[in-house]
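Okay, so we've got a single protein chain in two different forms coming up as structure tokens, structure 1 first and structure 2 after it.
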Structure 1
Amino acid sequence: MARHALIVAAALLLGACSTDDVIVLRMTSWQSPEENALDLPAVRAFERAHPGVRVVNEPVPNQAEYREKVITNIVSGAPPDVLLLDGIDVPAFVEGEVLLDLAPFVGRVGIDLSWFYPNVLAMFSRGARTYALPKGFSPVVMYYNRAMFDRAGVPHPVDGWTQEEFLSAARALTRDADGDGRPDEWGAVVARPFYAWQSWIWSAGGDVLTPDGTRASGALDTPATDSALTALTNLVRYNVAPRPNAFRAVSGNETRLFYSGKLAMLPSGHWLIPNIKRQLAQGKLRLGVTSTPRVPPAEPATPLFASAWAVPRNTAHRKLAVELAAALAGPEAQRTRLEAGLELSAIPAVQEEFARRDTLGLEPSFLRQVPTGRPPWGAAIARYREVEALLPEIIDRVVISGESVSVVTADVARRIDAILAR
């Protein structure tokens, strides 16, 4: 009896191998349909190269819901085979031992890690291990409206300009067009989300955390950071930036003001472009890109926000999954993705070639910002989301509640220390 049972078992096992069952690979990402469509050629090519394999694409539009979905899947022990990983999630995923180290395998699927920007790849690597293959990234830069500058007779900013120059430009660009006593064209803006002002702090020689990433006091409450924050929040006090409000950034006023030519300068990433690509191409909007203004002797520095394709350690199809991740992060796929204008390619060769073809004049400027890029704290510290959630409070309390910068930063630093010490 026992033998018979096992013969049946073996037959099941081996017989299954020879049937025409399709292997299903699941990939997931946070991508709008437009973005997701750009990955499809690479996916289709992969499917053609692997008959019998079907890739089920599970894009989730928003990053919040994406997180919920992926984590739920991981908890239940069945994560997707390939997933898109944000730089900010790397520490937690690595510490949670969720991801497969791709370094031993990439060579066999035709990927050379030296292709990638080292400072981008570094975010997804720990020592010799590489946990994900970058698909693209963006520095935070200062966009400016060329038309507004020209109209106000202000010279266009150049890379490496200072916060003083920035302030005087902002003063010159702010005006009350309809004469109601309130400005309706603004020179600058103070955004609450931290990603928009991290480079401002860095470029002034300040930071939110100490270099080892264990404390905020000693970084957030230093004179350099304080004066950078004072200069930032003073933009509202000097009436060259509109008062910030709490509406979520993605649909916030700043973007609308900037798109409508009512705001001359806006710190943001490459992701600003897709919404206005047509207007740029038609010349309805003339933009320039430059570095975040600095406070000498500090040099401009900007965070690089990147995402990458990763493979969970417990995928049932390790080889196929790595091959798919490689296909999605390969030069061909990155070239296609660039058309969306969402980000820079993580492969310098691809990005430089694209910049040469660029007709809007923006891409070379972006390329110039890359060497000033640093991994954001999120790529290094698992608790960074909690830290970042506290930081808009600084803007709120200084600008809206009128507290002094040093008091607020000291308080916030204390709370961040508590979080990091936990």
Structure 2
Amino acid sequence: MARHALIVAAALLLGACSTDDVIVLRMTSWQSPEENALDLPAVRAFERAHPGVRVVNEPVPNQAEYREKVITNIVSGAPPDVLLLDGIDVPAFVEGEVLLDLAPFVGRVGIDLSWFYPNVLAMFSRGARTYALPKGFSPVVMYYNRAMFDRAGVPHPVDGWTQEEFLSAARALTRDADGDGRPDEWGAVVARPFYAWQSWIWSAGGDVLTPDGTRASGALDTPATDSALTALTNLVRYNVAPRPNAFRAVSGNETRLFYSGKLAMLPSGHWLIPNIKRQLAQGKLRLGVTSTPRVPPAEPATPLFASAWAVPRNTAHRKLAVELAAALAGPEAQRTRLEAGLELSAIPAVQEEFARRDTLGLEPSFLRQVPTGRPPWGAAIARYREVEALLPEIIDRVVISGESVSVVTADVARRIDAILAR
């Protein structure tokens, strides 16, 4: 009887331990429910490979709130075990010394850093240290409507085309279909967000900051940048781009025009594809992808926007957290994400395999842009969000208020210098 009681007691104790011994890993990101669903197969595979470990996803949909919450939790000693790191957040997190250097551990969890595109991995690295494993990225490209080009008899653009060729095409593609003296179809667009015209400046030999990243004066206000911005904003004066009066109040004007076949060319990233994937598959929208037009002798250049999985230094489950980050950024997880079309894989072998079987015909064109990509300034400058917030003002003041490009860029450059000097 006593023996039986001991066995029962031991069984109860073991049952209690099996419950108490479940290790919970917390992962967090700003991703939408649809994006989180894409990570679920990798999470479930990780749990199957680690009996007794459960992964709980705690997303924070608002990205600004997300950054504040993550930093607060890390500093207060209650960090998530794995977090999604945007390229623009890398400087603040690295300078705060709150992230684990993953380089010494990745080999033990089946990841080889040489798998990744070097210019993508560079955003999340500092020297020999790697603070996050990229899950995907996108260059900014020039989308164009093949049907509109064909109808106007305009040759399709090719990588390396010039701003002069771009302007010529935009003029030929702008059409007043009903004869009321106003265009009904536009060749081009002048978008306010800086991501849409950063590559335009770079591909003309200009920049926003000096090479050391300490000043805007000497970069944003130089002849090369001013000339590029003049050419861009003149698209409205030439009447080949709609006047962006309402852009402050109404978001998405550019993409709505493009989706409806009223706009021939649009700068954007791979994130556009999920919204139009069905139309593309059904042949209702025929798109092409090419580089941002350049000003010789400058070559095409594009920013690469990426995110990656990181591990806080003070996680209580360091080994498991690194393994989970590796699973979320590994080849299988990236293959799953590719099917949704949100971004390119950060692993060349995975992306090239996908491009070979791409039925939409766009992936090889995206791949050709990757060698021209470089990390945006946000991946290097901690206060860059404040810098970037000022840049759409250039479009407003020149296009809407009619101010001189050189006057506006000089003024904005001085104000950016003040931000960076703090």
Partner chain sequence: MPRKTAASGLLQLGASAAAVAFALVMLLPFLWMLSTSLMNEFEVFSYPPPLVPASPRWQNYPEALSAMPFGRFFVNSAVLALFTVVGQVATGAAAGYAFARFQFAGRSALFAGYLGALMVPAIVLLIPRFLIVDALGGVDTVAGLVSTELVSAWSVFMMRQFFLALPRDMEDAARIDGASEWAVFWHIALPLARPALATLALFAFIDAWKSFLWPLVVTRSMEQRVVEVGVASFHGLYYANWPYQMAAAVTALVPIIVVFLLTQRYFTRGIALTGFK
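Quantities reported herein were computed from a predicted structural model and do not represent experimental measurements. By convention here, residues take numbers in order along the sequence of structure 1, the first being 1. C-alpha atoms forming the largest set that superposes within 1.5 Å between two forms make up the rigid core.
Between the two copies of this chain, it is structure 1 that is the form predicted in complex with the partner chain. Shown in the overlay between the two structures, fitted on the rigid core, is a CA shift at A128 smaller than 2 Å. Relative to the superposed core, S76 undergoes a C-alpha shift of no less than 2 Å between the two structures.
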